[in-house]
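The data below hold one chain only, encoded as structure tokens and taken in the form predicted alone.
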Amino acid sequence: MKIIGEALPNMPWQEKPEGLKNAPVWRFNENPIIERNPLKNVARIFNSAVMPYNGEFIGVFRGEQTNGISYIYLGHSKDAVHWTFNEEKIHFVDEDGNDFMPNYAYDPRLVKVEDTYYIMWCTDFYGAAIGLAKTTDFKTFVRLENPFIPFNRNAVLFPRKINGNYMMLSRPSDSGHTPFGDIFLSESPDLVYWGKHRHVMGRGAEWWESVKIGGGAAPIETDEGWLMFYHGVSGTCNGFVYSIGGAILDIDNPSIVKYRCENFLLTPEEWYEERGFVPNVCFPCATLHDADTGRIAIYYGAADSYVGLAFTQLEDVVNYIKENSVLTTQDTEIGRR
């Protein structure tokens, strides 16, 4: 098995601990890598995305301000573990250079397609919707038109065009803290006009993803298909629980699910996942991966209060997903009705 992509020898890594009994994903023993009150006027950073950039690392971070409003902040790191942040939130302009700031912005993803970096986030478009911006230098951030009408969350682009079009996963929702939700796929020739909407995956019968699911990190291209880490939500007598799941999508038609793991890959178990502003949350938003070794680092929000880091190996996680795969006809169909 191999990752289709570039080598990243300086990505963070920690070997699998001995005696790991459950899923093939293990936590960094220095978690959380970002703690509370990380910079002036920001109480918590979580649900954030990182990428390699110019031999080091860069990221877009959900910064929950002390007034309770979320915005996106830029961060820099030499090792993708220890981060410094710009004190001012990212300034977005429109394509004419005019201010185009969102009322709020949260849960960003960061994806490079060809020579451009794209940021997706949940924005206010008369209700929760998808915000989209681009940059080539992380100095000027051009905000594009919102791709979808409300209500929608959890958008993430694929890291390359498929059949000549951009592809984006999202999770249509409602105006509240959505008690439902499936993952859908949309495509566009130009990032302006979106269509060919397809259903990818529905909520699972398993307890850990029985309420709703949503896209997480940008899918990783492999010779087995697109490896996708997503979040699944269960409802308990004490509220929602967010876990991390895994699936493999068809390489040419990613609305078709080839394998879908019945078991979660990571669920809240550590104090920083179980205890926080929103307890019991593991929320994946990004990965770093090395094509030469198959190493994968998963960045996830923990309890809406911290950033955690976990690791896996491509062959181990793909085999685990395949060995524990349970599919429905909704998974394996093209997703068009």
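Remember, predicted model here, so these are calculated numbers, not experimental data. Residue numbers run from 1 along the displayed sequence.
This protein has a second form, the form predicted in complex with a further copy of the same chain, left out of what is shown; the following refers to that one.
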Only one of 218-226, 263-271, 70-78, 123-131 sits within 4.5 Å of a further copy of the same chain in the predicted complex by heavy atom distance, namely 123-131
Closest heavy atom of residue 194 to a further copy of the same chain in the predicted complex, within 4.5 Å or not? yes
Would residue 84 count as a contact of a further copy of the same chain in the predicted complex, using a 4.5 angstroms cut-off between non-hydrogen atoms? no
Do residue 95 and a further copy of the same chain come within 4.5 Å of each other in the predicted complex, heavy atoms counted? yes
Please determine whether residue 187 contacts a further copy of the same chain in the predicted complex, using a 4.5 Å cut-off between heavy atoms. yes
Looking at a further copy of the same chain in the predicted complex, do all three of 144, 150 and 336 come within 4.5 Å of it through at least one heavy atom? yes
The listed residue (106, 117, 208, 100) that reaches within 4.5 Å of a further copy of the same chain in the predicted complex by any heavy atom is 100
Could you spot which one of 159, 172, 254, 204 gets a heavy atom to within 4.5 Å of a further copy of the same chain in the predicted complex? 172
